[in-house]
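This document starts with one chain, in the form predicted alone, laid out as structure tokens.
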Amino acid sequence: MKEQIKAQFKQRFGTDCVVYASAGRINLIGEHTDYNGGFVFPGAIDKYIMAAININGTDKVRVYSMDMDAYCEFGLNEEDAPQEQWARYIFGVCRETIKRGGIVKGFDTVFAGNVPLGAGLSSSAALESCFAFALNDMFNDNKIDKFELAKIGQSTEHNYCGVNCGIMDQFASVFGKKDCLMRLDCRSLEHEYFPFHPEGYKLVLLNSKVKHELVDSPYNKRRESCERVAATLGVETLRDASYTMLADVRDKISDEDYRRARYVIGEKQRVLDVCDALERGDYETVGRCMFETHDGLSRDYEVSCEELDYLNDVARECGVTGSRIMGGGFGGCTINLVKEDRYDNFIATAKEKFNAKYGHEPEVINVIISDGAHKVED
């Protein structure tokens, strides 16, 4: 991919370039907890957004997306915002960097990626983190710290792309470390790396190919539910809530808001339980928590869909250790922790049954936990 991007850049802009990359991410456990001030447990993966960049000496940004075969040009002032949704991610990173006192000047760029779009692997955060890291390196001598780079990506989503997301996706894309998952406290932003190379198991994603679109989706409505319950409880976020506190206000909130909060409170504890289990090498507990998360996301939080529930059912039938919907929901992937001796049967069965029911096979995505944003060396 790097050589293709460099060749396209040379052809289009006629100059040399520097290549940067940032990763998509998986999240083993801790879904929809980030904007509730809770814990998440992500890791960067070996699927990247990669960009070739060179300063062009103007006040314009000239962008070509290889994957979409689309070109866009824009200035660096607020009124220069492009109409194209894909270009707004890059424009937003430029603007959020400038708002923080950073320097951004005109540049040319060609980018592409192999992070599956709409699959819950956070291709948008990978795109934001790639450009945030690049602008920091090219124009700001890497003086903007990595926490702020993650916040630049999050603010881009909020202010330019219409998704009121938490910090997890951008954090994972910036801070990812090979062979490690990260437990992130989304309130304090304290984080800890946990080695993750489970012997005898494979981590595999099954992409339902049901595309999710978080802009104007029920995603923002889920956040509003959680905020209403937190306000009723008199706490800042559901991070500070318990089942007992929730029961005490049961008659003051809607049934829907109650179920949303019940899921979040349970998920908060499951992240901690999984961390403890990993330190013991107890992957059966990890798997049990993954199934519990799926049940909560499907029944209480209602962000699953028929296809994802079906893949989860097939995983149970095949004796998979753990399986759940991953990402914002409304489509995308399941993440599956599978014993190696059950892997082949699980994949074959899932493909056959899903194809028979929905007319196409799920996409199989094996993932390796990898490094986050970085400059790609020649």
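In this text, all values refer to a predicted model and were calculated from it rather than measured experimentally. In this text, residue numbers run from 1 along the sequence as written.
Only in words, not in the display: the form predicted together with a small molecule, which the text now covers.
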Partner-proximal stretch of 33-41, 349-357, 57-65, 331-339 relative to the small molecule in the model of the complex, 4.5 angstroms, heavy atom:
33-41
4.5 Å heavy atom contact, Gly166 and the small molecule in the model of the complex
yes
Gly327 versus the small molecule, in the model of the complex: is there a non-hydrogen atom within 4.5 Å?
yes
Report yes if any heavy atom of Tyr219 sits within 4.5 Å of a heavy atom of the small molecule in the model of the complex; otherwise report no.
yes
